[in-house]
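Okay, here we've got a single chain as structure tokens, the form predicted alone, with questions on binding and movement later.
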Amino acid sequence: MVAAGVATLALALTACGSDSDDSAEGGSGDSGGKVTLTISTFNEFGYDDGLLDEYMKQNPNITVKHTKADTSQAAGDALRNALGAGSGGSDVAAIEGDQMPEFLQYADKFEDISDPSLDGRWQDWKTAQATDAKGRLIGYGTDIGPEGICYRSDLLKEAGLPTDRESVAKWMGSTWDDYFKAGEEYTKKTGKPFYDSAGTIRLGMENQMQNAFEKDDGTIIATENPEVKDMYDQLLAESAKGLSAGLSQWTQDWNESFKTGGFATTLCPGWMLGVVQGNAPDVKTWDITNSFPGGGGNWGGSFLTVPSYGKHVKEAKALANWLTAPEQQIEAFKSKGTFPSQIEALKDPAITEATNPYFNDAPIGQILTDRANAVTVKPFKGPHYQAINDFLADALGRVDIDKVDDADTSWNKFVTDVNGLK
């Protein structure tokens, strides 16, 4: 469980030192002046299609070895273990945005990357996510996650429903109630699920709440917040109507469903475009709307960090800096659809005029820019966010996926879990 992981990390960091005294000099553990750097990411960052090779070409004394975890949770677990031990992790480690509040509690275990040359590279809110109370910036921003809705036009066509992206957007409507109403129509006509899981849809709804789980001062309110309970009840009511496929994200069954038609729609931040295409490369009917229930929403976005235990922190910072410069983030977007957080990148025609052949030549640059501009709520995510978020996902999953509890029983377990954090 995440809460246990956080506690373990806190104990380990108290008991163990790091190698920062040695690494501050950017040590020379490799022979002959050669330096080997390790970078760990997850899902799709767009770095495995030439960018790292290009960096090594430009820096012939550097060898970069890339490890890609299947999930952000797995990557976070590995980083926690390395921080606790004070060694053994990657020189450059990616952190998913929702996990950043947890790791900011241990900002002194990362390199402070504050530098005048980086001023204005990212949106202020992106930089703020990786800045601790003492003003230390520990993360180079990579992408952000403005969301549309990805859908299978062939599945909608079989149901006699709209298929072009403008008509689909109108049919799905502007609110979550509209989206569920559209899903009920699809499921009634086909007997098939409309989306992958209640837990996935929860993320879209939750990220439109200013204070879902905690007040700005960190006080936990998750179990008393009527917005959270109403969302929970509505999602499980829709699951009972057959709208959810009951598929846990990142599992093999979930991956396969993108090509087998296991669901008709899914929430689609920019980084999800590469996931969809990667899971269903031969399916020609995925598309994306320039719309999102409830207005705008941001799901995800990540950072590259340089833990201070490394032996080559100077070189690691240079690599992370280069990878998150506008030019490289534009290339990552072209490769995997990860939407840049860099201000200059968002002005580049490579972004603003971008289309995606796989998604029926959708103007994804304009769509994702419009979706980013539609975001009006910047949800507060405090140090307990990740643990509570996982508890809520578990609560929904026990009913929607595992089918081992009814809604009330699972909610009561959620309350118990959250109370354990207080």
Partner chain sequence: MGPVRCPHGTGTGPVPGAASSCDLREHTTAMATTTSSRTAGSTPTPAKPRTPRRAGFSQRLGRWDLKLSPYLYISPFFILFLVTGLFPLFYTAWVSFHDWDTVMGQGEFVGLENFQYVLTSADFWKAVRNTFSIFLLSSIPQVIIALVIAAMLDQNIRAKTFWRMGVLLPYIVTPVAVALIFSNLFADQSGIINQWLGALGFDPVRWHAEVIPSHLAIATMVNFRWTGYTTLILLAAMQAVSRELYEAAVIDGAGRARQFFSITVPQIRPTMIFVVITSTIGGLQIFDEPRLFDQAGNGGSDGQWQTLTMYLYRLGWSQSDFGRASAVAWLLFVIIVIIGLINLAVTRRIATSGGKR
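It should be emphasised that the depicted structure is a prediction, and the values quoted were computed from it without experimental measurement. In this text, rigid core is short for the largest set of C-alphas that superpose within 1.5 Å between two forms. Positions refer to the first chain, counted from 1.
This protein has a second form, the form predicted together with the partner chain, left out of what is shown; the following refers to that one.
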* **the partner chain: the contacting residue among P379, G397, P363, G382 in the predicted bound form [heavy atom, 4.5 Å]** => G397
* To do: Using heavy atoms only and a 4.5 Å cut-off, determine which of L323, L83, L236, L156 is in contact with the partner chain in the predicted bound form.
  => L83
* Location of the partner chain contact in the predicted bound form, chosen stretch of 277-285, 73-81, 116-124, 203-211 [non-hydrogen atom, 4.5 Å] -> 73-81
* Asked: So in the predicted bound form, does I351 come within 4.5 Å of the partner chain, heavy atom to heavy atom?
  -> no
* Hey, in the predicted bound form, is E102 touching the partner chain, heavy atoms inside 4.5 Å? -> yes
* Evaluate V415 for contact with the partner chain in the predicted bound form, applying a 4.5 angstroms cut-off between non-hydrogen atoms, and reply yes or no. => no
* Partner contact for D402 in the predicted bound form: the partner chain, 4.5 angstroms, heavy atom -> yes
* To do: May I ask you to list the residues of 359-391 that have any heavy atom within 4.5 angstroms of the partner chain in the predicted bound form, in sequence order?
  => A387, D390, F391
* Aligning on the rigid core, do we see the C-alpha of E353 shift 2 angstroms or more between this form and the one not shown? -> no
* For K189, is the C-alpha shift between this form and the one not shown 2 Å or more after core superposition? -> no
* Hey, the CA atoms of M209 and K134 end up closer or farther in the predicted bound form than in the shown form, with the change being 3 Å or more? -> closer
